[in-house]
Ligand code: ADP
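Quick setup: one chain, the form predicted on its own, written in structure tokens, and binding and motion questions come after.
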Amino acid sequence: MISKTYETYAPEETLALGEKLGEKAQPGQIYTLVGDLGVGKTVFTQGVARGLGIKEPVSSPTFTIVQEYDEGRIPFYHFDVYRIGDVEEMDEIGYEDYFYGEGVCLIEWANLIDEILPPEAICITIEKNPEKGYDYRRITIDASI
């Protein structure tokens, strides 16, 4: 397991870190994104999309579960599984086509569907620490090798 931790002090820095990740992303990669409400998961995701060359606005697909973006260098599938009541709902949207396809998947609230995540998924955790400032974020990226 390789683990790398970053600290950001402004939303723009969180966005820029996501953008660097998006620039390096490869087809078939799955990123899981975990963190409390309001921690910056969507800001980070917007950066990933920008790094993939996606120009259209990216917002959290809370009610649709998945949003597809095809205009970048690799298809991008942005999941928000916060409202998933049961993992079987993922079967209904055909998650395997996304997870095992040629695009990049990023899954917000991925801890809610742990049992179906592939072991090679790259886990990103975003945490706040009010003692270090309102916009401070600790972003940890864990990858299996």
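All residue numbers are counted from 1 along the displayed sequence. These figures come from a predicted structure and were not determined experimentally.
Not pictured, yet referred to below: the form predicted in complex with the ligand.
**Q** Name the residue from P27, G94, G85, G38 that puts a heavy atom within 4.5 Å of the ligand in the predicted complex.
**A** Looking at the other structure, the residue within range turns out to be G38.
**Q** Given that the partner is absent here, state which listed stretch (38-46, 64-72, 114-122, 85-93) has heavy atoms within 4.5 Å of the ligand in the predicted complex.
**A** Flagged stretch: 38-46.
**Q** Find out whether any non-hydrogen atom of A16 is located within 4.5 angstroms of the ligand in the predicted complex, and reply yes or no.
**A** A16 lies outside the contact set for the ligand.
**Q** Check D135 for me: does it contact the ligand in the predicted complex (non-hydrogen atoms, 4.5 angstroms)?
**A** Yes.
**Q** Even though the chain is shown alone, can you say which residues of 80-117 have a heavy atom within 4.5 Å of the ligand in the predicted complex?
**A** Heavy-atom contacts to the ligand in the predicted complex: only E108.
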